[in-house]
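Shown next as structure tokens: one chain only, the form predicted alone.
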């Protein structure tokens, strides 16, 4: 979480830092701050609230051609001016911005306090500024390495020091940092979004790596117990359109990204479907047919929406490849001392490729000899570089906190993986061709769902009135319900709970009332009659019903009791879950709009979760 920017060059730093922070605000928006280094030394300005609040209060004379900035998602201490980054030492010679969590911060703070230092903030980050300032090493790099040697935890840091006015120093361990190469200037950021306006030539730091950045270029080092060892980090061009980071005519990034889904779905499928043999063509897996066939189980690891789409994917894999498959929250995986088997294929799912819980789970699997592939959207991200192979999602930049187009492409990636794995096992060529045809139809069918946005907005207005909601579904429909509840919670701040439809009568039915709507996922499948019967139980207790279904489903006398019926196009039964998910995204968006919320920046959340 949180966002870091840095600049060194020939221009005034402050405007560039503020622009970069605005583009990173989806990574944290509790507070923001900047520090610039000029002829009169180090100047710091920081403020609770949004970046615009910081910009409005910035002093007129705030000059300097070197600077760092930060937009915060609070971990240690509340969101206020004092806890905002950058943090400085007693003499304001050192300024530090930091993403991550220092696990032994309390012990370090106590040690500094025992030495007579009065700390001014509640943060873990402040100790870094004091440790760097108190080092007597000759170079700034050595001082920072010495300070980081005292630290336990994760960090992405950028440091400016008044005694070293020709450089910035950055370091990474578990939290992303990217160096951008310009013309006689250099940039730093925790996300490409802050860089693409100025350069598309970038270098990603690895964990345990430090970089010295001057206006002329950069040098990188590995932090080792014996000192700093030079590394040969090279900058590379990234293929990205700066306009992709602009909302354009849309009132929010989420709305823009909702409507981009048909085109992005085509992008992830392009060149990866073998219609002749009814299979997927996923060369990035780095697995041949013999290796694929040797796996006896699949374990999917993800967090939040990636976990829920992982459940959809596990169902696909089990159904099509006839191989045991399940999904697990990556945040819990390594803490239960998991059994990692050599014949299990592990699949890590992350839009950002920087989700720390998922990255740590990947590393745990690899430490125990397991094979991990990734479903990742961001090229060059930590998970993308860590895994043994994978499928890039080609969703384009996703800025809104609530995932839409990346989630859709995760499902399609699972669809292709399930078909390819199935075809080396027991899936017939006829079924393979059937599913490949189904996958090719999905972009157009998503477009058909989005064309009903006005009707969905009316249903969403009704749901926005409720303080609490249920989302229910069975088998393939249950992860759809979980993802629908997640979207509603994220951006409407309404309580939304997902249950298997069959589990309602085992407790939750006690909460059904006219004030608690239920959004039911009812595909036209082998369970349609049982689903409709369960909806009668809800209606009998006065619970308002919104049914997401297919036009072929006959609700019978229940039809008159439904406050909203949403029909989506039918595909193959195995692929229907993603089409049933799209209207839930639109419902959440319009309900949040009706409630007047900041849709792209929901309270207490941030886009990239880089802390445990």
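Worth saying up front: this structure is predicted, and the values here are computed from it rather than measured. Positions refer to the first chain, counted from 1.
In what follows, reference is made to the form predicted together with ligand F6R, a form of this protein that is not presented.
With a 4.5 Å cutoff on heavy atoms, residue 71 does not count as touching ligand F6R in the predicted complex; it lies far away. For the chain shown alone, residue 402 is a contact residue for ligand F6R in the predicted complex, at least one non-hydrogen atom being within 4.5 angstroms. Put simply, residue 98 is far from ligand F6R in the predicted complex: not one heavy atom of it is within 4.5 Å. Among residues of the shown chain, residue 538 is not one whose heavy atoms approach ligand F6R to within 4.5 Å in the predicted complex. When you look in the predicted complex, the only residue of 492, 408, 190, 355 with a non-hydrogen atom within 4.5 Å of ligand F6R is 355. The contact residue chosen from 125, 501, 351, 175 relative to ligand F6R in the predicted complex is 351, the criterion being a non-hydrogen atom within 4.5 angstroms. Although ligand F6R is omitted here, in the predicted complex all of 305, 486 and 609 have a heavy atom within 4.5 Å of it. The stretch that touches ligand F6R in the predicted complex, counting heavy atoms within 4.5 Å, is 296 to 304, out of 446 to 454, 190 to 198, 278 to 286, 296 to 304.
Residues of 151 to 176 include none with a non-hydrogen atom no more than 4.5 angstroms from ligand F6R in the predicted complex.
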